[in-house]
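The chain below stands alone and is given in structure tokens; this is the form predicted alone.
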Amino acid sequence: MNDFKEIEPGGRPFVRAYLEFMLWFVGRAIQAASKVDDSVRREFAELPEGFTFALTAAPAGPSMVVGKDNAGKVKYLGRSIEGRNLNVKMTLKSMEGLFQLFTFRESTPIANARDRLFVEGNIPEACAAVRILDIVQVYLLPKPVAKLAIKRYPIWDLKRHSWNRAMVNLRAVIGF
């Protein structure tokens, strides 16, 4: 019986690299949207000073941490959740669940309904974080893809769809 070799699953390096890039870019886009979009600013204004939230995959998948400092500025704080005082931690059960979310085959409400998303922290603050993620996804994605990623596609004026979208993308790429 000891003749069988234990087989370990592969690490899926391309999936991990894609998710790390997407989380990095979305984190920077949240920071950029907080400077450009009034509704994102309002969502963050209602959150407490020093608020920090993270989106991650269990058990040791990629992460994104975004926080609001005491002056009210929103910053992308990096990939590491170790040693951080998080107000809200949204964890997907696996890297596969996070991949479903960021390949836009599944929206956040669907992931929650399918019991793939766990939230640690206050529910109203987690809902605000999801609303912010939805707004940012509308800015980053073309309309047909964004309709798959969020629950309802918003009706925005032309300035918000064009100018704000360009500014969010530009600021996310440049990093300011």
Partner chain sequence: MLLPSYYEYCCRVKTVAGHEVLERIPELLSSMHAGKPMIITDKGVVAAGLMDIVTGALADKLVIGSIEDDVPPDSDLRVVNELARKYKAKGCDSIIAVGGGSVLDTAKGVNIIVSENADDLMKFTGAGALKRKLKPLVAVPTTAGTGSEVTLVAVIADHEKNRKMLFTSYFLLPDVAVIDSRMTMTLPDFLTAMTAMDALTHAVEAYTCLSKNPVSDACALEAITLISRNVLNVVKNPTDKDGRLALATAATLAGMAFSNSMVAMVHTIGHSVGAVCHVPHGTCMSILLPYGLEYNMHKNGEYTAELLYAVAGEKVFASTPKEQRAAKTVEYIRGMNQALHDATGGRHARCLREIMGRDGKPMVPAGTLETIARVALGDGSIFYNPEDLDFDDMMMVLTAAWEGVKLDQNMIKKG
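These numbers come from a predicted model, not from an experiment. Positions refer to the first chain, counted from 1.
There is another form of this protein, the form predicted in complex with its partner chain, and it is not shown here; the text below is about that form.
Picking from 66 to 74, 47 to 55, 109 to 117, 25 to 33 the stretch near its partner chain in the predicted bound form, with a 4.5 Å limit on heavy atoms, gives 109 to 117.
Although the partner is absent here, Tyr153 sits close enough that one of its heavy atoms falls within 4.5 Å of its partner chain in the predicted bound form. Not displayed here, its partner chain is approached by Lys93 to within 4.5 Å at the level of heavy atoms in the predicted bound form.
At the 4.5 Å threshold, heavy atoms of Pro124 reach its partner chain in the predicted bound form. Although the partner is absent here, Asp134 lies within 4.5 Å of its partner chain in the predicted bound form, judged by heavy atoms.
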